[in-house]
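Given next, in structure tokens, is a single chain: the form predicted alone.
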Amino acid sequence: MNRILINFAHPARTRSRINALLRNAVEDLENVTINDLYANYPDFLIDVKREQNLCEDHDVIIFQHPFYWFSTPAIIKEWLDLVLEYDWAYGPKGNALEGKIFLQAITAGGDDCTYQKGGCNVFTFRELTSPYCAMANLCNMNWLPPFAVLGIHQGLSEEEVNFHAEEYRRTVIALRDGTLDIEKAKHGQYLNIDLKSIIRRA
């Protein structure tokens, strides 16, 4: 059974209906650790050794966050800058993250049509998240496309939000239990575009 680390980053969690529901859907699962970055580091003074130990103790690392200005909330950039040290995460002796699975669970205001070459955001979601794919590659991790909940600003119904929460739980369970086809999943635009095709029966 894989151990899952979810680095949760939302600077206004109390106002986040969807991220809160996604988190609630998985935080009771066995072998899942929720690491709330803003709650743990309100002053941004990240305990590098603690974070490195958490990464070493888990097999799957997920960053769950809203899509702020085509990127992440600021604390994730701070985390990456400080925690991913040379000769720990990368470099000649940097193999601490080797073989671990990495993905982002992202909520975004625009729908899929806005994240196209002809859309108002010009670039695809895959292109906009490519720095994290490059980071995972440098650290010899297994990168997966993001689990994406799109169209937040268009007003998702309660039924739609609950569906995404259930799909997130299903994804985390599959990653934990090793029933998600990693190689097949890598080719999708979003991890959750068709979970039936990438989750094997246990």
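The first residue of the sequence shown is number 1, and the count goes up from there. Just so we're clear, the structure is a prediction, and the values are computed from it rather than from any experiment.
The next section is about a form of this same protein that is not shown, the form predicted in complex with a small molecule.
Undergrad: Look at the stretches 133-141, 46-54, 63-71, 165-173 and give the one with heavy atoms within 4.5 Å of the small molecule in the predicted complex.
TA: It is 63-71 that comes within 4.5 Å of the partner.
Undergrad: Within 4.5 Å of the small molecule in the predicted complex, do we find a heavy atom from each of 110, 115 and 153?
TA: Every listed residue reaches the small molecule in the predicted complex, so yes.
Undergrad: Which residue, 24, 189, 16, 179, has a heavy atom that falls within 4.5 Å of the small molecule in the predicted complex?
TA: So the residue touching the small molecule in the predicted complex, by this definition, is 16.
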